[in-house]
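First, one chain by itself in structure tokens, the form predicted alone.
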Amino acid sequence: MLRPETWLKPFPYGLFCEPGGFFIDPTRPVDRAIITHAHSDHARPGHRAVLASPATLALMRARLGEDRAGGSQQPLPWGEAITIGGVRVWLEPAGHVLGSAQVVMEYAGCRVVVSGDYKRCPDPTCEAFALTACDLFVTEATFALPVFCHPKPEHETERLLASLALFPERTHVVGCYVLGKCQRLIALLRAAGWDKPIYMHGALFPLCRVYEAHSIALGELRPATVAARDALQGAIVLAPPGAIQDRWARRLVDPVVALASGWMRVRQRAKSRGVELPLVISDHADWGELNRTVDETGAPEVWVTHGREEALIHACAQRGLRGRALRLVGYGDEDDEGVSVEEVGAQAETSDQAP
């Protein structure tokens, strides 16, 4: 069996599979790219040829435009293997957002799984993470510190609904990322019994339509920008995090500002952004899930990328696993503006568990 580093090469702008001649999630235009999911830090415009899951390609076209989502676009359904330059390649669900994939490669007797971004908890708006045994697991590490222990998303949804019951005269405006978090939050609210219309910033509608085209029911959604002011009293309004302070939000009725993100675990982040109701809802694996996934793959070697690499590598070494930090650039949670180690450390000193 060939060692994976002889044929899978990390460059600053992405992982390169040498015998296959393709990059995985490159951050600059290349001839051949496999894209794990449609978030903008992974799905960049300008590649000559793109291979991805059918849903990821649909989301890329909606976000980037047909002519920028790849000169040629090859959809690859789950579990359907193809051979590229002697490398057997297939995709398995990653559970991060609609269409998100792990890339599985087999070459010269070695199997490598590149996770992309992933989570392990159930999410009705995307396919569940599929565990795949491998010789090398390349994992994200967005929340790879012991302080990150995500609460159940249903608990956070109940907190939002409890606030609505407590302040029925106020508008609750929730910052949520346009792809994945928005649609998941809608589904969580519907599952919790919220059957009223959900109002949204206009930027959220296009990708919701893609979700609905892939049989994800979201219920009645209305544009907040044209709604009567009294209709927004006691309503839920969803918006991109950066839009909550925009002029359009001034028409909201005494708003309760909430934000749905794994980074709401860091109280300094919530305070600095004027968030009254932080909702710890993450689309990434937390510390426990990252370590459990590494163990369950059975991989003796782990490469760690775009996140808190050192802590996860240290934890792997304590269990006898070989670890390597890839230090790729240009990746990160899309609503992460750069949480410092000092912020996280301060949070760890003041709290034992996530709220």
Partner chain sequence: MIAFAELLERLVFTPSRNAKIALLRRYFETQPDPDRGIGLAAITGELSFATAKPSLIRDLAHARTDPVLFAWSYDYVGDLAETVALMWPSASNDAGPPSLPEVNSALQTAAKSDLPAIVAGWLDASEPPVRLALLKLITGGLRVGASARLAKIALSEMTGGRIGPDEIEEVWHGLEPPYERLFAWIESRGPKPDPADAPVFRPLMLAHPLEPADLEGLDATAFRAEWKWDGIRVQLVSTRGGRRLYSRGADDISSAFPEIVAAMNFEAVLDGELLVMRDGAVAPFADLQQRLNRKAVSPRMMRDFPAAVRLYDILFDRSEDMRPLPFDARRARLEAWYARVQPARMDLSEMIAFHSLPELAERRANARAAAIEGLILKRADSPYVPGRPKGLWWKWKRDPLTIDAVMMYAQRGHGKRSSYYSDYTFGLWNGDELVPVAKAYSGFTDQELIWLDRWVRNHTVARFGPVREVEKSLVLEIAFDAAQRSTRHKSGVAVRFPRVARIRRDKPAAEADRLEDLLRWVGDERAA
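Positions refer to the first chain, counted from 1. Please read these numbers as outputs of a predicted model, since none were measured by experiment.
Below, we refer to the form predicted in complex with its partner chain, which is not included among the displayed structures.
Considering non-hydrogen atoms and a 4.5 Å limit, does its partner chain approach F167 in the predicted bound form?
Judged by the heavy-atom cut-off of 4.5 Å, F167 is in contact with its partner chain in the predicted bound form.
C134 within 4.5 Å of its partner chain in the predicted bound form, heavy atoms
No.
Should Q73 be classed as touching its partner chain in the predicted bound form when contacts are defined as heavy atoms within 4.5 Å?
Close contact is absent here: in the predicted bound form, Q73 is far from its partner chain, nothing within 4.5 Å, heavy atoms only.
Exercise: E276 in contact with its partner chain in the predicted bound form, heavy atom 4.5 Å:
Contact check for E276: yes, within 4.5 Å of its partner chain in the predicted bound form.
Ok, R28, H314, R322, R292: which has a heavy atom sitting within 4.5 Å of its partner chain in the predicted bound form?
Checked against the cut-off, the match is H314.
Sole residue of C110, V147, A235, L221 within 4.5 Å of its partner chain in the predicted bound form, by heavy atom:
Selected residue: V147.
Looking at 264 to 272, 75 to 83, 111 to 119, 175 to 183, which lies within 4.5 angstroms of its partner chain in the predicted bound form, counting heavy atoms?
Within 4.5 Å of the partner lies stretch 264 to 272.
With its partner chain taken in the predicted bound form, which residues across 67 to 88 come within 4.5 angstroms through any non-hydrogen atom?
Heavy-atom contacts within 4.5 Å come from no residue here.
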